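Here we start with a single chain on its own, the form predicted alone, put down as structure tokens.
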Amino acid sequence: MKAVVTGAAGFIGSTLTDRLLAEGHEVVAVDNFDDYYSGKMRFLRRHLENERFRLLEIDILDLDALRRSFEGADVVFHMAAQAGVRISVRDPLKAHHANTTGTLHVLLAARDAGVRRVINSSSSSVYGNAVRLPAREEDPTVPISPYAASKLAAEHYCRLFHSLYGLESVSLRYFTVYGPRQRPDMAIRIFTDRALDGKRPQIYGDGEQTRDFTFITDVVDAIMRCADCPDLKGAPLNICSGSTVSVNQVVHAILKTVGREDLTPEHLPPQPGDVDHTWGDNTRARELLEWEPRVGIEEGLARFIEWYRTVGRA
């Protein structure tokens, strides 16, 4: 398989790239190396001498360049995005350009290049404050942040391109992905970093918010399975652990793991755009992809903290 990975230098994209190359596939890695956070090149550097790997510094807003990069590709794994609810509240236009217009460009380029399938990265944030938990794919979507709205608009484009042009696609609604390489602005990394520095973890709100934390290797396994599963006709799939844990519980587990249970969390005002609870029903993904999450929160936190101590802070 010849695969294009957009956002290939990022958290999920680079981990997916590793997996694709390990399984013998050809990978065209596309990334604009946006300065949202630095240091991403180190995740791809070891592949630069691999004859099955090609790295292109391209912005997904450059439609002509995208078309050229997609030539001969079988599947496009679309990971590129402007991530983060809070930055989208500060700069809605950037989220819209990257996530909505950028996805439209990916779909246009894929259609024009004859790509068989696009696997789109969406988010559980499209549910907003879900009407029921665990959330199911057919439930109402009521975004409460520009980030969530931009991801939902991208999902609609995927469905349209299937119905109008026959482009196979699926939108994966990720639920709080965590693990090695996660971004500096993600909560688990921030909590861990402060604990290792002997600083009190800072929790927005009372910490009783709950999240469906999904480990990176489980997410990448689901993404890989989407390349060959039956055509999902642009429909969404929840990619989640199917379980939930409070932010307070996660913080206490991190403090215990790093040996700093003496640090008392500091509670700050809630942040605009943050949802109260995320919890997904992964039945459809289990059935269609023959997939199941394997890494529980305790094991996942331990694996992340070990990576962060030995590699992540280097």
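Start at 1 and count along the sequence shown; that's the residue number. Since we're looking at a predicted model, the values are computed, not measured.
If you look for the form predicted in complex with a small molecule, you will not find it shown, but the lines that follow are about it.
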- [ ] Answer for residue 291 alone: is it within 4.5 Å of the small molecule in the model of the complex, judged on heavy atom distances?
- [x] no
Open item on the list: Within 4.5 Å, heavy atoms only: does residue 246 come near the small molecule in the model of the complex?
Closed with: no
TODO: Give a yes/no on whether residue 147 approaches the small molecule to within 4.5 Å in the model of the complex, heavy atoms considered.
DONE: yes
Open item on the list: I'd like to know whether residue 20 contacts the small molecule in the model of the complex, with contact meaning heavy atoms within 4.5 angstroms.
Closed with: no
Task: Non-hydrogen atom within 4.5 angstroms of the small molecule in the model of the complex for each of 9, 37 and 186 - done: yes
Open item on the list: Counting any non-hydrogen atom inside 4.5 Å, which residue from 88, 169, 241, 122 sits next to the small molecule in the model of the complex?
Closed with: 122
Open item on the list: I need to confirm a contact call. Of 104, 224, 83, 203, which residue comes within 4.5 Å of the small molecule in the model of the complex, counting heavy atoms only?
Closed with: 83
Task: Heavy atom contact within 4.5 Å of the small molecule in the model of the complex, the stretch among 129 to 137, 69 to 77, 171 to 179, 188 to 196 - done: 171 to 179
